[in-house]
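Shown next as structure tokens: one chain only, the form predicted alone.
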Amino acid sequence: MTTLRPFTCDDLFKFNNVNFDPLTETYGLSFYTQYLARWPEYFQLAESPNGQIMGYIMGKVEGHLDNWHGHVTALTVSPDYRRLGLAALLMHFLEDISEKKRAYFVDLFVRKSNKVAINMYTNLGYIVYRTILEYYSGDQDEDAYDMRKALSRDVNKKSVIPYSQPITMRELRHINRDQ
């Protein structure tokens, strides 16, 4: 039986087995603690009966007016527990929290090369809203998809009308600053 529970500071010393995946973004401790302090309800983990961390989701709520939305900062499931529906369970949890916060949509960024994740998000009702050029940096910079799912508050689904052209990180920062 899987238990969903709030992520705690103690979990920061136990979740390395989940973060070893090369597609998982790993952050510094201060980043995780900032999310724990500011958006604790958006930081949940899935735990096995023996106490092992199976996966987690970290997110936040942000924006203004009709851009008020939930954001998935990180979602990852340990390789030992994949294909059990845990990622979908965690996503539904974040979507429910966002509904309660009266958000218009939920968004996330995913590597264009991560076809498994893109397929999962598509099956959960997300669409590719726009492409962000060179969003991920590394040995080879990689583009990201900004994927979105409209929530019940967005009756006319305005939040999921896709952009036709890719945008740069600079344009994304400018757009986010204005919203």
Partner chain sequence: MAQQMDSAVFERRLRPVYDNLEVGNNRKALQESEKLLKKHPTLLCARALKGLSLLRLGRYEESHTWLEAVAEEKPVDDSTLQVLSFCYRETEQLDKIVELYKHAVKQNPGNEEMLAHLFISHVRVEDYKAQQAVALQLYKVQPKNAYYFWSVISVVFQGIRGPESMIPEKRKLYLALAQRMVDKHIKEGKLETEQEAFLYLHILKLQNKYEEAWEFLNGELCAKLYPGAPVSMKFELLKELGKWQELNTLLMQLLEADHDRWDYYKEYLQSCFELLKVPPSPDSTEPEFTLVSCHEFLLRIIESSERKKRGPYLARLELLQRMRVAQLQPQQLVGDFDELIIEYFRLFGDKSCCTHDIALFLPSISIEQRQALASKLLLESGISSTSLPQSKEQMQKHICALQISRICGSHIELPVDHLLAFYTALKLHYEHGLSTFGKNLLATEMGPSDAYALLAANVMYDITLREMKSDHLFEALCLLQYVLRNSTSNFHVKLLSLKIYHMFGCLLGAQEMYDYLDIKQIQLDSMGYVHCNLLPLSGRFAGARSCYDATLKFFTNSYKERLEYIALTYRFYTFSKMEEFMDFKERLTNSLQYVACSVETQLCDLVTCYGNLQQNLSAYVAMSIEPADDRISWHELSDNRDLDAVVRFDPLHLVDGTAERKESFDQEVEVLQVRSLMLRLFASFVDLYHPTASAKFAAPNAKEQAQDRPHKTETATLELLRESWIGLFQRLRLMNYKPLSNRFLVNLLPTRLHLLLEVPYEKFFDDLAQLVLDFYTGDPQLTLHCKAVSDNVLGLKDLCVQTIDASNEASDGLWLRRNQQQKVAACLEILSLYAFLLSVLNDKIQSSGKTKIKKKPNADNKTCDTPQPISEKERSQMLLELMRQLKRKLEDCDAAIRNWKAPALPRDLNSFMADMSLKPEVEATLIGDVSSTFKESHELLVTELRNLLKDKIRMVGK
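Positions refer to the first chain, counted from 1. Being a predicted model, the structure only gives us computed values, none of them experimental.
This protein has a second form, the form predicted in complex with the partner chain, left out of what is shown; the following refers to that one.
- For the residues N123, S137, S152, T33, the 4.5 Å heavy atom test against the partner chain in the model of the complex is passed only by T33.
- For K101, a non-hydrogen atom is located within 4.5 Å of the partner chain in the model of the complex, even though that partner is not displayed.
- The partner chain is not shown here, and in the model of the complex it never comes within 4.5 Å of any heavy atom of T131.
- Contact check for R38: a non-hydrogen atom falls within 4.5 Å of the partner chain in the model of the complex.
- Within this chain, A74 is remote from the site of the partner chain in the model of the complex, having no heavy atom within 4.5 Å.
- Residue heavy atoms within 4.5 Å of the partner chain in the model of the complex occur in exactly one stretch of 47-55, 144-152, 123-131, 60-68, and that stretch is 47-55.
- Contact annotation for 71-101: residues with any non-hydrogen atom within 4.5 angstroms of the partner chain in the model of the complex are P79, D80, Y81, R83, L84, G85, L89, K100, K101, listed in sequence order.
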